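Shown here is one chain on its own, the form predicted on its own, set out as structure tokens.
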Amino acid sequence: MRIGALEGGGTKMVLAVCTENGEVLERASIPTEEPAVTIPRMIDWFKERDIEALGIGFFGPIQLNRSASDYGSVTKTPKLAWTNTPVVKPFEEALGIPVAFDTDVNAAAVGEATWGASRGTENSIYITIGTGVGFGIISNGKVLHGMLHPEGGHILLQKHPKDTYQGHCPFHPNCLEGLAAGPAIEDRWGKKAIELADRDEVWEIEAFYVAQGIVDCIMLLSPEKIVLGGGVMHQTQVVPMIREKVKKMLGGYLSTSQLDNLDSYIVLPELNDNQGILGCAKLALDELQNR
């Protein structure tokens, strides 16, 4: 079976063909330009691949309510050229196959829950920390949706006592994304995260913010596994610091086998940056089955 996968990001679009067993057969990427340029290019690529279904994980916010008139569209977004752009409809009309649609981070959460670090669990969270911060939440075996979809990057945090940075988010002075995403790190310290690997003070502050977000998730959602992805988490020296701060912030309030072993509870992805496209493939398989 040949399944199409599209991981739509603000910088690039990753296109792939996968099998139902999680094997990536072919992969390509194109730059994210205006919709009138980018969408036809992607359609043309998939037209040549003989796929049976397509799963799309896209940057947001997006409309996931299937009864809404704008289902399958990007809604209000900082990427202004994409505001109110239909995504699902052009692919359905051009390809004539089932198309699944969700956020890019939800797709990554599905990929890790199906084939990666959180497989075998019913309740897991995938947090991506890169250009932005996003949360993908699997609850009772299903992707969590609601009024819209989780926007965990914008939960509000207590500022680190030594952090004088004003925050990078135009909406909130103290949200997780505005304080801990890649652009915030670069703006605060004047260098990219990869250039700051040996600066303990950088990762002390980063760990403080990420740990707060994780503790909020633990208290609200009680996940069985938390996976940390995204470009910032390539600086793996911060992960033990995050675990230690989570332990301290929990204050001994909860006692579970998972929390007794944070090394296997708060983990890095296992799918080598393929979690997004493999999650898209799983969404497409589910869509095909449901139809």
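In case it trips you up, residue 1 is the first one in the sequence shown, and so on. Remember, predicted model here, so these are calculated numbers, not experimental data.
There is also a form predicted in complex with another copy of the chain; it is not shown, and the following applies to it.
Participant: Taking another copy of the chain as it sits in the model of the complex, is I185 near enough to touch it, meaning that at least one heavy atom pair lies within 4.5 angstroms?
Facilitator: Result no; I185 lies far from another copy of the chain in the model of the complex.
Participant: Give a yes or no for P223: in the model of the complex, does one of its heavy atoms lie within 4.5 Å of a heavy atom belonging to another copy of the chain?
Facilitator: Yes.
Participant: Just to confirm, G152 within 4.5 Å of another copy of the chain in the model of the complex by heavy atoms?
Facilitator: Close contact exists here: in the model of the complex, G152 approaches another copy of the chain to within 4.5 Å, heavy atoms only.
Participant: How about H172 - does it come within 4.5 Å of another copy of the chain in the model of the complex, if we only consider non-hydrogen atoms?
Facilitator: The answer is yes: H172 has a heavy atom within 4.5 Å of another copy of the chain.
Participant: Going by heavy atoms within 4.5 Å, which of 193 to 201, 214 to 222, 107 to 115, 85 to 93 lines up against another copy of the chain in the model of the complex?
Facilitator: In the other structure, the partner sits against 214 to 222.
Participant: Looking at H160, H145, R119, K79, which has any heavy atom no more than 4.5 Å from another copy of the chain in the model of the complex?
Facilitator: Here the answer is residue option H145.
Participant: Though another copy of the chain is not shown, can you say which of I30, L254, A68, I43 has a heavy atom within 4.5 Å of it in the model of the complex?
Facilitator: Here the answer is residue option L254.
Participant: Would T103, T128 and V227 all count as contacting another copy of the chain in the model of the complex, using a 4.5 Å heavy atom cut-off?
Facilitator: No: no residue has a heavy atom within 4.5 Å of the partner.
Participant: Hey, which residues along 120 to 140 are within 4.5 angstroms of another copy of the chain in the model of the complex, non-hydrogen atoms only?
Facilitator: Contacting residues: N123, F135, I137, S139, N140.
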